[in-house]
Every structure is written in C-alpha cells, then in structure tokens.
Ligand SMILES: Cc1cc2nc3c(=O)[nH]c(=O)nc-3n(C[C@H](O)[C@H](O)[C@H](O)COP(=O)(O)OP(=O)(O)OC[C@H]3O[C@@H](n4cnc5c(N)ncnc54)[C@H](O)[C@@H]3O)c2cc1C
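Below sits a lone chain in structure tokens, taken as the form predicted on its own.
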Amino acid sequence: MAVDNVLIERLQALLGETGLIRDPQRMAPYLCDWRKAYRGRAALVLRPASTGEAAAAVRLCHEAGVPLVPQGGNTGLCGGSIPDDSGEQVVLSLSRMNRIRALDVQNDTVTVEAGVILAQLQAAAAEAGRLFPLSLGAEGSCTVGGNLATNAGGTAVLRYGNMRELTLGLEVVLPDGQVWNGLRGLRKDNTGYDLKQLFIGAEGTLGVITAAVLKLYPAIRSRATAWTALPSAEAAVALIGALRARCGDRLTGFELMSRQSLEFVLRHLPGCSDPFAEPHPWYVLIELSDPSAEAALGEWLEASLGEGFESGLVRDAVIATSEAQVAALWALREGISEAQNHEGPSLKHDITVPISLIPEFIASTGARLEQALPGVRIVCYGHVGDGNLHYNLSKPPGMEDAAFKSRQPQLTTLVFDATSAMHGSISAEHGLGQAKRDAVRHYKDPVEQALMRALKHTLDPRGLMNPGKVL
C-alpha cells in the first residue's frame, strides 16, 4: 500500500522534523549501498530516537500496510538494507538510537542500542578495562544492529565466535509494533526457546533489533603478530592445527591470503610494502593475544614458526616488533577488498567449507574457473579457523567490463556448486540480502526453507518486514 498524507502526518507528529526525511537529496545516502552496487527508492526515511518511537512508527506502518526496510550503518555487501525501486517502501534507520545504556564490569556485559557504531562500542569497553572482540573492516561505520542482523563474524571469530556467540539478550520491535524485551544478561536461561537466535542473522525480516546485551572479555595486554609465507593452502591448514595445539585460545587471528590478493594491495594502496624480498604462493597473518602483560607470546609464536620451518610448512616469516609494524601487516590484509575495486568489477563470494576441505576447494574450484574463463584472477583470502573464504574473481587483463559481468551467472554458479558439493554454505558472514536470495533456494535443504517460511509467516504474516530479502 502506498504511503498517504495521513500516515506521513502521523509519523511526522511522532518523530518530528529530525526523525522523518522526505527530501530526495537528504534521502539519497539511505537508498544506495556503500559500494554503489544496489540502489532503490523509498517513500520516506524514518529515524526514531528511542525504542518507543521505533515501536510506534512500526505500528503505524503495519496498520497502513506499508513495508519497512530496517537499516543500520549500510555497510553490507548483499543489498539487505536497501529498498526496492517501487518507491513504496519506508527505510527505518536506527542511526539515532546510539546510546550505551549500561556497562556491567562485574557481569562482563554491555547493553547498547542498535545504532551504536562498532568502534564506539569497542572504545567504551576499552575505557572500562574490557574487550568487545568483534572486529571487521567497516567497524568505523557499521552499527551493532547491522552486526546482529547479519550475524557478523570478522577476524576474531576463531577465538570469540560471531555475533550469535557474543549476544546474551535482545530488545526487538516485532512487525506489528509490539516490543519484546529480552535484554537479559544471563549466561544460563533454560526456560524455553532461545528467541534471540531467531532475530540474529534474520536481516530485519522478522523484526527490528533495537538493543542488545553483549558479552565483554578481559582487555588484551599482550600481543604477538607475524606475517608468514607458505607454500600451499594445505600448509595453512596444517599450521593452524599446530598453533592451536601449542597456543590454545591465545590464537586470535589466522588470516589466509593468496599472492594475487597481496599483489593488488601492493599495486593500489599507497604506503604498503611486501614484507619479503621474494613472492610466495600464500601468506598467513597470525596473531596471538592474552590478558596477561607477562605472557610469553613472542616466544610461543617464534617456537611455533620454527617448527613450521623444520616441517616445511613455513617458507619465511617476520614477527612484528612495534605497534606500527603490527598496523602495517594488518593493513595488507584489510586493504584487499578496496584494492580489488581498482581492478574493475569483481564477483564477490563469501563462502564456508569444512576447514579440512579448504585446500581441495581452492585447487579444484580454481581449476574449473580457469577452464571456464582463462586468465580469471582469483582473489582468495579468509579466516581459515572458521572455514570462511572470501573467494572473489577479477576479470582477465584486457577483458571488457561488460563481457566479464555477463559471465557472472556461470562463474557464480560454478563457485556455489563447488561449495555445496563440499557441504558448505554460500554465505558465511555477509548474509543473503537480495544478492543471494534466489540462489539459496537451490542450495538450502527444502525442509529448512519451509521452516524458515513458516517462521516468517508466523511473525510477519503480512510480509511487511524487509520484503524481498533472504526469502
């Protein structure tokens, strides 16, 4: 149903001038994702400042039959927070709901609203002598609500888990405007269904997450970081097993990168340099961390790498000796996505397979892609410890952009088929949004899909919450 003047007037009275945007120029940033890959149109942008305002706005739209698109920092990669092009949907931005409501040091929890930027949450935890461990490239602009809606992972999943593992409670505005207050900071609550897990990773299709109780951890006081050259992906899988055996949960990061990935970074990002004089097929960025300032992490890391040299798993390594060197090494990893953009259009895949099958996936899928499109450049990097690979494709040198884009269905199907054959997932941490909504029908179990639709119909029978996404 179209947005009429009566609804606009009621929403304006509720939210005020600051909370409702109608001007096309002011609406524009909410209607396009940061990569400019998805664009839409909207009747309005709503910006509630409290849970009460959010619930009342959702209730008014529900009564009028107007679909809503919840939006956080708008840093997603699958178009999950962008409206369609009908101009009849309403964007519900949580950006003004940005308060840290409570921080309980003794309970190691923090209660935050959905619009809190991840970096601000990290800083608040650090100020209290604690750590909120979620870390990802967009942490300066992504929000907690978006992190929850997509079940974000990042670089520390190996030790701390993704947002599902970091969340104890939620506050959610349901599609009809009711508020479920599940803001409980309990590690044990065995009183029925764990409802929060329905909304984490649901991409706003079942309700609007407005606040959360999240876990905190002891602050990190010692760290050891190394850039390591490897002969193969098999060596990476073997090396992470050896590091886990020696270092346990002190192993915080283990980031795999192909030579092609590094070459793009070195070519396009100023200030980046190759840590080694010679190129190598694969690299791993390893990080150990510990709450104790006296932990001998450097010694453990050096000993582990020494064993790796002796067994042939490691070809070369450099251990950072300053914070500047640590930052420089992480810049090589975190700059991959940006660097690839300079090479023209890319096909981005966020897949996961069992850790033991990563080498086989890389080898067999790469061979099939080369056969399908000779010269295709594969930018493969990922977290290894959770089986997550960012498996991106850039066009062969000299190929026209349009010709490469026309091959997307064939190439993406090849990658997804290979992932499915290894009992993997076509979306590890970016969600489905609109990018993978149709593809998932071919790879997800039919019974599982039916259960998801049943949940959607139960909670949102009118289909007004983020329509056209996920399902």
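Residue numbers run from 1 along the displayed sequence. Keep in mind the model is a prediction, meaning the values are calculated, not measured.
The same protein also has a form predicted together with the named molecule, omitted here; what follows describes it.
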*Where does the named molecule sit in the model of the complex: which of 140 to 148, 306 to 314, 278 to 286, 226 to 234, heavy atoms within 4.5 Å?*
140 to 148
*Using 4.5 Å between non-hydrogen atoms, is Pro70 touching the named molecule in the model of the complex?*
yes
*Ala212: touches the named molecule in the model of the complex, heavy atom cutoff 4.5 angstroms*: no
_Quick check on Pro133: any heavy atom within 4.5 Å of the named molecule in the model of the complex?_
no
*Using heavy atoms and a 4.5 Å limit, would one call Trp34 a contact residue for the named molecule in the model of the complex?*
yes
*asked:* I need to confirm a contact call. Of Ser258, Thr109, Gln340, Thr75, which residue comes within 4.5 Å of the named molecule in the model of the complex, counting heavy atoms only?
replied: Thr75
*Which residue, Gly382, Gly253, Pro83, Gly153, has a heavy atom that falls within 4.5 Å of the named molecule in the model of the complex?*
Gly153
_Within 438 to 467, the residues that have a heavy atom no more than 4.5 Å from the named molecule in the model of the complex_ = Asn466
